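Only one chain comes next, encoded as structure tokens, the form predicted on its own.
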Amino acid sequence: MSPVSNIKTLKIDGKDFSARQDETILEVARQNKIFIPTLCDLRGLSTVGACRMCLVEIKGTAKLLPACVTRVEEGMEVTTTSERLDRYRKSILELLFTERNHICSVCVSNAHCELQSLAQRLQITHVHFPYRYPKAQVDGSHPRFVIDQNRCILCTRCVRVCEEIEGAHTWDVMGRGIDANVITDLNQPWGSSETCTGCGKCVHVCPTGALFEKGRSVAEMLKRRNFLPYLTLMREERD
């Protein structure tokens, strides 16, 4: 197959773009500074389409598709901003707030939280759905870190970084739907984990205040994620 045949042309919001056939709509949009909201996606990790915040409209397709896992196709016409998309994205974000106990004013990640920032960007001032107020657990058994299930949005970044980058696979997801939780070592306390290396990568990729380091102030809770693209590149070159 010639290099030319690997290139696809498409329209995003009425503008023409070209992309490799292995690229996703989200990748092409980011390369061209087109904003598509995401929460589970993070450069350097595999894509799973868990949060559905990146839904886009594609001409000829009735349903909305997640931009992070949808590959570009020749002649594709993508819409990233519309009244329908705005309504769906706000509803998804509101549901995330109602499913757990997100109280920004007392959160260690206040003003450094992707969930909070996205709500502000989408101009969400209140939630239309009833809050569930679940009795979620807080596990502080680890000597350095804490997991607060009240603030988890099940993006699975921690699961993926622990498996794909660290190679420990300490984290996983237990349960289904509203009852799902991230767990360590078959639902053992984090401090009892025999696989956790204590590297803290899971903490730094968490988009909310679900994972944080003990004794850190809000300003010190800035997440350091620049290691991900570098480690991924090194891994690809080694392979």
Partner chain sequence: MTPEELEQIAEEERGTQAQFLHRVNVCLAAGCISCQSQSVKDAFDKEIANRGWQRKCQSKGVGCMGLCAEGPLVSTAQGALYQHVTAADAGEILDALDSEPVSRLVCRTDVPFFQRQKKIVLENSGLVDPERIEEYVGSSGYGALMRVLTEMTPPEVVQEVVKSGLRGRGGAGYPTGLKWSTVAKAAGQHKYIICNADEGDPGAFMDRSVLESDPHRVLEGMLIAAFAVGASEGYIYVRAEYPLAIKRLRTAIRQAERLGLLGSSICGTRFSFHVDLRLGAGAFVCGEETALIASVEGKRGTPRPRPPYPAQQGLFGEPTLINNVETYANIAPIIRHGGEWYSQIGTEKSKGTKVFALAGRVLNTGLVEVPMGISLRDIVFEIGGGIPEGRCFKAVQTGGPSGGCLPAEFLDMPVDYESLAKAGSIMGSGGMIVMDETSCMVDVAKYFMDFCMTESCGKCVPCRVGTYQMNELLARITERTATPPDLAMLEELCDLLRNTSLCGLGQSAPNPVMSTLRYFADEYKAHVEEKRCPAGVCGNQAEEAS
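Note that this is a predicted model, so its numbers are computed, not measured. Residue numbers count along the first chain shown, from 1.
FYI, the form predicted in complex with its partner chain isn't displayed, but the following is about it.
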item	value
Contact at I92, I153 and R176 by its partner chain in the predicted complex, all three, heavy atom at most 4.5 Å	yes
Listed residue that, although its partner chain is not shown, lies within 4.5 Å of it in the predicted complex (heavy atoms), from I34, L42, C199, L64	L64
Its partner chain: the contacting residue among Q149, S141, T81, T98 in the predicted complex [heavy atom, 4.5 Å]	T98
Non-hydrogen atom contact D172 with its partner chain in the predicted complex at 4.5 angstroms	yes
Contact label in the predicted complex: A50 to its partner chain, heavy atom within 4.5 Å	yes
Touches its partner chain in the predicted complex: L55 (any heavy atom, 4.5 Å)	yes
Sequence-ordered residues of 113-129 touching its partner chain in the predicted complex, heavy atom within 4.5 Å	H128, F129
